[in-house]
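First comes one chain, alone, set out as structure tokens in the form predicted alone.
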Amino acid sequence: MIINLIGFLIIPLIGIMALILNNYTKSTSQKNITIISMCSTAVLFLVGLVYGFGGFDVSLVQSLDFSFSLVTNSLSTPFILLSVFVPLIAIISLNREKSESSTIFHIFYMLAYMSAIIVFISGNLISLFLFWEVTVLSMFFIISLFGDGANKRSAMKFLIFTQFGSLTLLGAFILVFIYTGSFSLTTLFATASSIPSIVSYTIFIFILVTALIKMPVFPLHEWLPDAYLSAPMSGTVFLSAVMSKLGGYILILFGLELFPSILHRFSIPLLILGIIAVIYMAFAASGQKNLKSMLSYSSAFYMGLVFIGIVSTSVSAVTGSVILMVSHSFIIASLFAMSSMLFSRIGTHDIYKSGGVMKRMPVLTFFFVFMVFATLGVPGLSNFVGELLIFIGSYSVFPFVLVSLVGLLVATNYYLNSVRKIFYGTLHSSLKKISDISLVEIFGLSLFSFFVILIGLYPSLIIGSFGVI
């Protein structure tokens, strides 16, 4: 029983139609429909892992070689895993969001969810670009319609930056078609050597700019602080845990696998950029008083480590980057979810106004400390293997990358400092009546923790799926 990949499009579309119909019938909550649809997609993925996935291909415009093609390549499975499960667990955990009763919110969330999955399994450049755009536009509307604070300005900045990245991606795909006569990924990899050198460099630069914006990596990260802070928490989770991985996926698939010699020539300046980005983001995170802001910069810090692993072109480091991307998705989503749980009870994200919370919220404290240990690379948890492979692999080629360890030391300081300020010390008098997290929230955080432990103990589940080592 082979699972056809078209199911990853059909099931979310059915969920979106159910949301629209439910808007008139009011028979159940919008959140329940979203969760049922996402759970069905997750079951489809798990069955596919056991029995295998079957491709799907329909030619739409033969003269342009435009087809709707879905395939799993050697890289896609880990990214399907994170894009299927992280948004699902997040929507279960975040049960106190204002937007959870809005049909429009859930439609856009489902569109973003579906489109991100399709990007990872698209076998045609046009369909990849179209669903890439749907993901971007869905998140724009989520930020602008349901965000907090200066959400309109933040949404526009997000749209301008990401649309520029979309234009460079489209430019790369158009050049590919001009010189290969096809938008098919299979044809592209078979004929890439026929592309003239100057055009190959241009395509690579376009792809690199797209990846730098989407991951995001300094200095093209300017959209990140406002967008992450203004978005509703489920939107922030999606931005940090799923959308940023689109950039890493594109950089590996097109930058590394398509033009490895070009990437190797640019390795040293790109590694220097990655080191600067890592150190800058670590210090930026350490200077934040707002927990959500700190986690936002910290998310970019870890994507900087991923960038270092990819551009080093070391097989071990690239493997570590993929593991770290999957691991980071579950960890940062969990930390953002706990930030939301804290905010819903104490009314602030200010780290300095929530001391002594452990006395009233021991269960949340346990999960938060656990995830801090995981993100700092404690052996046996998911980040450890990814970070280790990145540093071992990149050091074997370019020893100077160890300078980026400064960023890890700073990250250790600001994470442990945030734990001390939020959970320990004297309990503020205004917080004496707050309650610990609910059973539903415990269930969601337990699911996040399960994946963190599973990946930490059995990283071969990810390494084996794309066969780099």
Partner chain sequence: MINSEYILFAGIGLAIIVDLLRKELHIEKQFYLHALTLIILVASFLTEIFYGNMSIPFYSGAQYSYFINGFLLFLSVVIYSFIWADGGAEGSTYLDILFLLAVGGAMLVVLSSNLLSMAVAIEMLSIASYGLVYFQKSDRHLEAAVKYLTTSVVSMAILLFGISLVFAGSGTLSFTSLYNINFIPFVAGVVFVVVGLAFKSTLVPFHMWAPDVYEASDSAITAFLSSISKTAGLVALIRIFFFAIPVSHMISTLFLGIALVTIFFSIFLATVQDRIKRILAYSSISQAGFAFIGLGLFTANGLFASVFYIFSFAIADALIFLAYRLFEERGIIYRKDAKKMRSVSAIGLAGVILGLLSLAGFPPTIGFFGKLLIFESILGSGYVYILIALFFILLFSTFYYFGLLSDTGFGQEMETRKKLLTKSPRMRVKEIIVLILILSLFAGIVFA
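Predicted, not measured: the structure shown is a model, and the values here were computed from it. Numbering follows the first chain given and starts at 1.
Below, we turn to the form predicted together with its partner chain, even though it does not appear here.
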Subject >> Stretch from 166-174, 228-236, 325-333, 86-94 whose residues place a heavy atom within 4.5 Å of its partner chain in the model of the complex >> reply: 166-174
**OP:** Quick one: from Y201, F189, F129, F343, grab the residue that has a heavy atom within 4.5 Å of its partner chain in the model of the complex.
**Re:** F129
Original post:
Which pick from L185, L75, V71, L159 sits with a heavy atom within 4.5 Å of its partner chain in the model of the complex?
Top reply: L159
Original post:
Is K26 a contact residue for its partner chain in the model of the complex, using a 4.5 Å heavy atom cut-off?
Top reply: yes
**OP:** Indicate whether its partner chain has at least one heavy atom within 4.5 Å of a heavy atom of F367 in the model of the complex.
**Re:** no
**OP:** Tell me, yes or no, whether Q30 is in contact with its partner chain in the model of the complex, where a contact means a heavy atom of each within 4.5 Å.
**Re:** yes
**OP:** Spell out, yes or no, whether the shortest heavy atom distance between S102 and its partner chain in the model of the complex is within 4.5 Å.
**Re:** yes
**OP:** Within 4.5 Å of its partner chain in the model of the complex, which residues of 389-414 have a heavy atom? Give them in sequence order, or say none.
**Re:** none
